[in-house]
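The form predicted alone is given below as one chain in structure tokens.
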Amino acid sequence: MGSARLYAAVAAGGFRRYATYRVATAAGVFTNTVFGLILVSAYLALWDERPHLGGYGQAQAVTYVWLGQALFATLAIQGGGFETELMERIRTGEVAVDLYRPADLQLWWLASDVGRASFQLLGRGVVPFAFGALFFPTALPDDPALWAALLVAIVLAMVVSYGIRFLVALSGFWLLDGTGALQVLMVTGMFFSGMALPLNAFPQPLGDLVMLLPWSALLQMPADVLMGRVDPWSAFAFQAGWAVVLLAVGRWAQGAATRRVVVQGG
């Protein structure tokens, strides 16, 4: 119970920390709304030429765009979460303080990132999504069960996203400079998550391949759950499976890293 209270407090602290950046949040809402408008224009033109591309109609494609804008910062799809801070702490050697805490390193940063993601969903994601639903034809469901399933899918997506970024952050134990790893995270996040184009619209066999990767659990799965295109339980199983695998690999990498801690910053 004590550990649960500790990590709950860490999550609450992560939420409050990002809630203080009100100007940045407002700018993020504006940016996501503008990018949503740009993508909707592009998608409508594309779906005019290729009706039912990827099995989506225009309303479903528009829904996909606005959900993507709602989840972009929530899931830190191109980075921008805890990973930069953790990599800097590894570089300077401050991570030694983290390792001496009476708390698990992986769970500490997971709790902090869940707090961050929760604020980004509420503070930065809701407004662009509501704007899109208000001014564009969408394929939003009437069934409350699908909205509840979407929330579960988003929570699981948060854990998968964290698992990917935790591994990237831990690469700082072996790399003198984590810039390259962060750039790879940015590119793979944009491409493999389906943020640029739904994964089911990719040409085959590439489409089938990317649907098996963990990034598809971030946006494609929640979108298909919301629009009733996939059985929610199968989507949850896919997301939870990747979450377990990534956290397990992260646990192993954390153990390997802490056994050979080298303070690179002096």
Partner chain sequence: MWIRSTLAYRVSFALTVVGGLLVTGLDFVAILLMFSQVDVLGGYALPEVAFLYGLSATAFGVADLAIGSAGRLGVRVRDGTLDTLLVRPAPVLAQVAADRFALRRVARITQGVLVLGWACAVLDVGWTPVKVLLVPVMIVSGGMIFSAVFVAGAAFQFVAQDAAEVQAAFTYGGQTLLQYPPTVFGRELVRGVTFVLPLAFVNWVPASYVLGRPYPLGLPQWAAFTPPLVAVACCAVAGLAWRAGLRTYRSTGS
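Being a predicted model, the structure only gives us computed values, none of them experimental. Residue numbers count along the first chain shown, from 1.
As for the form predicted together with its partner chain, it is not shown, yet the points below apply to it.
_Partner-proximal stretch of 231-239, 45-53, 62-70, 211-219 relative to its partner chain in the model of the complex, 4.5 angstroms, heavy atom_ = It is 45-53 that comes within 4.5 Å of the partner.
*Within 4.5 Å of its partner chain in the model of the complex, do 31, 179 and 187 each have at least one heavy atom?*
Yes, because 31, 179 and 187 each have a heavy atom that approaches its partner chain to within 4.5 Å in the model of the complex.
*Spell out, yes or no, whether the shortest heavy atom distance between residue 124 and its partner chain in the model of the complex is within 4.5 Å.*
Residue-level check for residue 124: yes, a contact with its partner chain.
*4.5 Å heavy atom contact, residue 151 to its partner chain in the model of the complex*: Result no; residue 151 lies far from its partner chain in the model of the complex.
*asked:* Is residue 92 near its partner chain? Define near as a heavy atom within 4.5 Å, in the model of the complex.
replied: Although its partner chain is absent here, residue 92 would stay clear of it in the model of the complex, with no heavy atoms inside 4.5 Å.
_Taking its partner chain as it sits in the model of the complex, is residue 24 near enough to touch it, meaning that at least one heavy atom pair lies within 4.5 angstroms?_
Because a heavy atom of residue 24 falls inside 4.5 Å of its partner chain in the model of the complex, the answer is yes.
*May I ask you to list the residues of 185-208 that have any heavy atom within 4.5 angstroms of its partner chain in the model of the complex, in sequence order?*
Contacts from 185-208: 186, 187, 190, 191, 196, 197, 201, 202, 203, 206.
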